[in-house]
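Take a look at this one chain, the form predicted alone, written out in structure tokens.
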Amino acid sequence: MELVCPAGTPAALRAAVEAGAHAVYCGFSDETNARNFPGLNFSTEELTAAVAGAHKRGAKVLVALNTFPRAGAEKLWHQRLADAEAAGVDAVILADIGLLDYAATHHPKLRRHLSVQAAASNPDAINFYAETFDVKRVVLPRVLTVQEIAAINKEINVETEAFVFGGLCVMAEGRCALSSYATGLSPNMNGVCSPASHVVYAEEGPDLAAKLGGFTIHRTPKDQPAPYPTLCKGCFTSGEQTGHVFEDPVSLDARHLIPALAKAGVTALKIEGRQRSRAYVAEVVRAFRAATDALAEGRDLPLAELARLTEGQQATAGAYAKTWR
């Protein structure tokens, strides 16, 4: 199975490749990708150099152009398609139907993957993208069980990629409006979720309030660490209870499900975390490369301790098991 790893910076990309990534995904330093945060991503020159370096080590580079172009601003996304092809990337990861059509028409030799942002979660949707835009791989939404993935793979003729580690999202990818509601900026259109430009930490009596767009997302005593105010992971009061109303701070860790995902026909395993440090990337990639190598050689999977790298030091199998049903 192919191990697809995140890189928010050239240094993180090198760390991922050195740790054993079969492929690395990244984005340009603008709103054309869903991790458009200050200090992250690549210039065209950095991407060209990164692709050359990765190819020397036998690794692929995939570029995410997975936001939805704004009306009247499509030229930026079109230019980035040309930049990605000129840099020699191995595939682009797209979500918008218009951009998929443009890529298929103007860059037919550039391999196309369907982003999780497209939220294609059934064979009819996936076959539409494959037949209409010659998409070669689909990144599956994090709402499917292993059994549902197996059923999908029986009815499609393209590769599937499944998330196995990192942050989770409570919304259907590509359709979340929470960040947009609070700040006017969304991951879908602007590449930013709960953007730092709208974050304020304010002392209020004995507490420190972490706010996003004027909304208080967390309130903690001044002598305790205040978390980043990501809206869906905030603490809110509902009725008489105060807690994580939308989502607990927890990370996906599906290493123990890798054999089942392979049996279900999954081609590639994806690690989330382009905003993470290169040290984080290197450690997680090494752990998952050891697991995929063990699977290929018929050995038991090593399950190195990664709990300290998870949100809230908690891990879950997420929707793969759907234990709440």
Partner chain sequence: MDLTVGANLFFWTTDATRGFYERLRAAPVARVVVGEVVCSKRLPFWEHDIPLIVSTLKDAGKEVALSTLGLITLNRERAKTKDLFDMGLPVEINDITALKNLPEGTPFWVGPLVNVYNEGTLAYLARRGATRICLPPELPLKSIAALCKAGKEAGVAVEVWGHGRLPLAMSARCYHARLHDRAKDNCQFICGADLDGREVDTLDGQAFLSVNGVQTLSAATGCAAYYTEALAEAGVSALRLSPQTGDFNGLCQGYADRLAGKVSPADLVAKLLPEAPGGRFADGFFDGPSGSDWQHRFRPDRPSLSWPRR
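Worth saying up front: this structure is predicted, and the values here are computed from it rather than measured. We call the rigid core whatever largest set of C-alpha positions still superposes within 1.5 Å between the two forms. Numbering follows the first chain given and starts at 1.
Below, we turn to the form predicted in complex with the partner chain, even though it does not appear here.
Figure note: of the listed segments 198-206, 157-165, 85-93, 221-229, the one touching the partner chain in the predicted bound form, with heavy atoms no more than 4.5 Å away, is 198-206.
By the criterion of a heavy atom within 4.5 Å, G174 is counted among the residues contacting the partner chain in the predicted bound form. Proximity of N188 to the partner chain in the predicted bound form falls within the 4.5 Å heavy atom cutoff. The partner chain in the predicted bound form is not approached by L110, whose heavy atoms all lie more than 4.5 angstroms from it.
Remark: V143 counts among the residues lining the partner chain in the predicted bound form, judged by a heavy atom distance of 4.5 Å or less.
Here the marked residues V170, T242 and V245 all reach the partner chain in the predicted bound form, each with a heavy atom within 4.5 angstroms. Just one of A150, L81, A182, A104 comes within 4.5 Å of the partner chain in the predicted bound form, counting any heavy atom, and that one is A182.
Contact annotation for 209-240: residues with any non-hydrogen atom within 4.5 angstroms of the partner chain in the predicted bound form are K211, G213, G214, F215, T216, I217, H218, R219, L231, C235, F236, T237, S238, G239, listed in sequence order.
With the core held fixed between this form and the one not shown, H218 has its Cα displaced by at least 2 Å.
The two forms, fitted on the rigid core, differ between this form and the one not shown by 2 Å or more at the CA of E203. Superposition of the core reveals a Cα shift of less than 2 Å for F128 between this form and the one not shown.
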